[in-house]
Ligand code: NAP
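What follows is a single chain, given as structure tokens, in the form predicted alone.
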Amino acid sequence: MALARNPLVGLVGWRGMVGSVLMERMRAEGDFALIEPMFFSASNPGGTLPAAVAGLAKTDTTLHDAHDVAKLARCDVVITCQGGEYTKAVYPKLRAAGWKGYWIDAAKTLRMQDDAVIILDPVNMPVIQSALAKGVRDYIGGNCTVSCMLMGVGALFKADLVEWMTATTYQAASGGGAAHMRELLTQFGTLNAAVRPLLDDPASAILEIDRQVAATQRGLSAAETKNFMVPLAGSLIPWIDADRGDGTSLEEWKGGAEANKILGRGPGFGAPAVPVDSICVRVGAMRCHSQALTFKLKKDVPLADLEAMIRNDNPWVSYVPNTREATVRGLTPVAVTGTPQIAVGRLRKMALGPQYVGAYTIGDQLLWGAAEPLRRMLRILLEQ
């Protein structure tokens, strides 16, 4: 179904962290000139638009109730960053009311549904185009780590070179949300304050500083660890998301299940799934998720050829030569935060054999891992 000129697009969850990034990107790319936006709110229905977005509304400056199915049903497209509980509560009612519009969602709720597509168009545009031709109406953003990884090394999967892949992820606090970012910074502040006098004394013993830091970490209150449950500042947490009861976390399961669905592989696609396994770790970075990857390729491919495939796959790959100087400057959260670039480096053949390849990727999960695929899916619909 082609959209009419200036379609009515409902925006939900636009004030949250992912939603705010989405608004920034839509402004920067001129998307609002092509649509009639309708802003919804779960917390302030009936209010007036905040000044930050008031200029984007062409005619309707009211904040509509995000749970008002009749109002949502007026929209040609609904884009939501409101979260999974909202999707569970509203989406079924909207479809049951007969709504035939396009649902574009950042939440995980619908990702693995048979009639939904996980969107990452630089990687899976043929999958998206096939779904549009079949009349599919639900387009869902993928897991942030998986999306960033495939943006970086998707070329190897597209060429059907990968026999299997393992990943160790290093995921930032922002993957949990704004409250998690605040908690991390607060913990860092508490640790610094605990040893500030010793830090100010050049003659103080570093081991005494270390002992006091450890004691402070172990003494953090339940309020100070409300979101992560344990200290993250100066530490890490080698478990993310729910326990599946088989020794893996839900985040680790997503690595294989979502990567294959994005690529159009596995059940329902007529191509065998690529085994993907992970250990997912939360680290004390503010933004950007990283992955240390090990591939077993189906054949020995020269390293220079692999590098060329990765470099040329999409305009957002930023290839980092496998040297110390280039790596420490270009393959870090500090280098990548706030940019659309997906840095790929540490590419090398491994001692396991010529078919084994190591790599490292990093991307800002609030951009390609969250907001950007939603924005680009809207553009795809507009350009049909």
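One rule holds for the numbers: they count along the sequence shown, beginning at 1. What you see is a predicted model, and the numbers here were worked out from it, not measured in a lab.
What comes next is about the form predicted in complex with the ligand, which does not appear here.
- With a 4.5 Å cutoff on heavy atoms, G101 does not count as touching the ligand in the predicted complex; it lies far away.
- The ligand is not shown here, and in the predicted complex it never comes within 4.5 Å of any heavy atom of G256.
- Residue contact with the ligand in the predicted complex: S43 places a heavy atom within 4.5 Å of it.
- The shortest heavy atom separation between R95 and the ligand in the predicted complex exceeds 4.5 Å.
- This chain is displayed without the ligand, yet in the predicted complex the stretch 77-85 from 77-85, 297-305, 113-121, 228-236 comes within 4.5 Å of it by heavy atoms.
- Checked against the ligand in the predicted complex, the candidates V127, V213, A107, I279 yield a single residue with a heavy atom inside 4.5 Å, and that residue is A107.
- This chain is drawn without the ligand; in the predicted complex, the residue among G177, P272, G189, P197 with a heavy atom within 4.5 Å of it is G177.
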